[in-house]
Structure formats: structure tokens, C-alpha cells
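Only one chain is included here, represented as C-alpha cells and corresponding to the form predicted on its own.
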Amino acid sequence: MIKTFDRSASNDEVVQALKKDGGVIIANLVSDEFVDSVSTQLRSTYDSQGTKHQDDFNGYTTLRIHAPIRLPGPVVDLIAHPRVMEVVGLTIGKDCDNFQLGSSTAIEIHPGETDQELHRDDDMYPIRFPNVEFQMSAMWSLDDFTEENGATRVVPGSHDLRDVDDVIEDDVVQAVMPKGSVLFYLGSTIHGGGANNSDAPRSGVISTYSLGWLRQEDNQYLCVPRNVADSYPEDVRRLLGYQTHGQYLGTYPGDPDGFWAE
């Protein structure tokens, strides 16, 4: 099972469950009104661009918005939510000076979509270090996530690095959670989108956060136009990668940490 906490739970409780099970939910972390503002913001882009990334892996009745952080508005506040930043820092922060946004995607699964292939998000990295998580993810529910409408499928404990092919259906649980909740899971946790057997779509925003010394999954400097990045507050610009990692990695003119070599 995936443990579910309410928003009054301490970060220590949340992180302990996340590290033990590979996934954890905080229910009702943001209000329905805020979620509705995000859904309204994303609607026109879903409708105009949502089919671009349809394929065998992403599905053919699922709409996706690549890098929604490029769209100024409430979705940015969701991706950079302070509680998410705290949990990410406590989970992977021990292995880096700072973390960064690896990727972000808005996903709307429509009726008739089938189960997504189970996978690990961090398999793109060609090496593993013992007891080091390269990244973790936060999936926000913009609708109620139910078993019927395709709540994310998760294999608790699969951060033990078992082979994905060894997973059986009895190992899989669904991250059922109300609108405005967030599912955290480790990069090494096996998961996948669920089949939508309901009569309505369900939407969510998934973001990955990676160690600051790794290459980002999505090139944020190209995904987010520079004039848009410049309009964001410093914490969001840093999340995009506009910061150094330590004194020597990732320096650039105007570096906010003052390490640029004159």
C-alpha cells in the first residue's frame, strides 16, 4: 500500500514513509480553487498541443503538455511548491549541494486509455551508486485519482532495484487520492499511468527533481524561453538550473552565487 498523510503531517513522517516504501501521498495539499486555476491555465495548450507526444509508451488517448513550467501562471507555483521543495531536499539533498528540475509534464488520460508500461524514471542514467537516488518525482492530482479513471500505478518497495520484468500484478497498487493531492515517488520506484475505464478524463502534473550535478532530463534552458525564465522569481530560476553546483560546476555570467571566474 501507499501511505497517505494529511497536510498536517511532518516532513520527517512523509520522508520516512517515502524512503521505506518508495512512494507516499500527501492528501489535499492545495485547495480545489487553486487546482481549478491550474486546469484552466492548461486547457488551451492541452487542446492545441496535447497530441504531439502520443506513441506506444505515452498512449494514444492521452494528452500531454511538455514542460508546462514554460507557461507563466499557477502551474509554476505547483511545480515549485514550498512543501515539495522541502520534501525533495530532505530526500535527495544529502547527495548534492542543490537539486534542479529534471522534467515536467501535464498529463490528461482520457477514457479508453490502457495501462502504461511499468518503468523507472531514472533508467536514463547509465550508472547507479549504492544508496543514492538520482531523482524523485511529484505527481499532482488535478482531478480525483481513482482506480477507475487511471490513478498512477506504483510498485511499493521496488526501489530495491528488482527487475521490472519480475513484477506481477499483485505487486501493483494505485495511488488513489483526492484532487489537490501529491504523490511522491523515488526515481528508482517502478510505476506507470493507469487505464482510464471511466467516462471522464483525469489530469495531473508530474515533475521530476534531480541531483544538481546531473544532466537534466529536459533541457530547461531551451524548454523555457530566456525572457520567461527572467520573469520568474529567483527560486524558480534556480530550479530551472540557473545556479552553480558548488564553486565550479555550471558557472555562467551573472551567476547568483558569485562563482563566475572574472
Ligand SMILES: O=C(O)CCC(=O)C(=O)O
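Note that the structure is a prediction, hence the values are computed from the model and not measured. Residues carry their position along the shown sequence, with the first being 1.
This protein has a second form, the form predicted together with the named molecule, left out of what is shown; the following refers to that one.
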Can residue 121 be called a contact residue for the named molecule in the model of the complex at 4.5 Å between heavy atoms? yes
Can you tell me if residue 191 lies within 4.5 angstroms of the named molecule in the model of the complex, counting non-hydrogen atoms only? yes
Going by a heavy atom distance of 4.5 Å, is residue 100 a contact of the named molecule in the model of the complex? no
Is residue 88 near the named molecule? Define near as a heavy atom within 4.5 Å, in the model of the complex. no
Which one, 156-164, 69-77, 127-135, 102-110, holds residues whose non-hydrogen atoms are within 4.5 Å of the named molecule in the model of the complex? 102-110
Contact residue in the model of the complex, from 211, 206, 65, 29 (heavy atom within 4.5 Å of the named molecule): 206
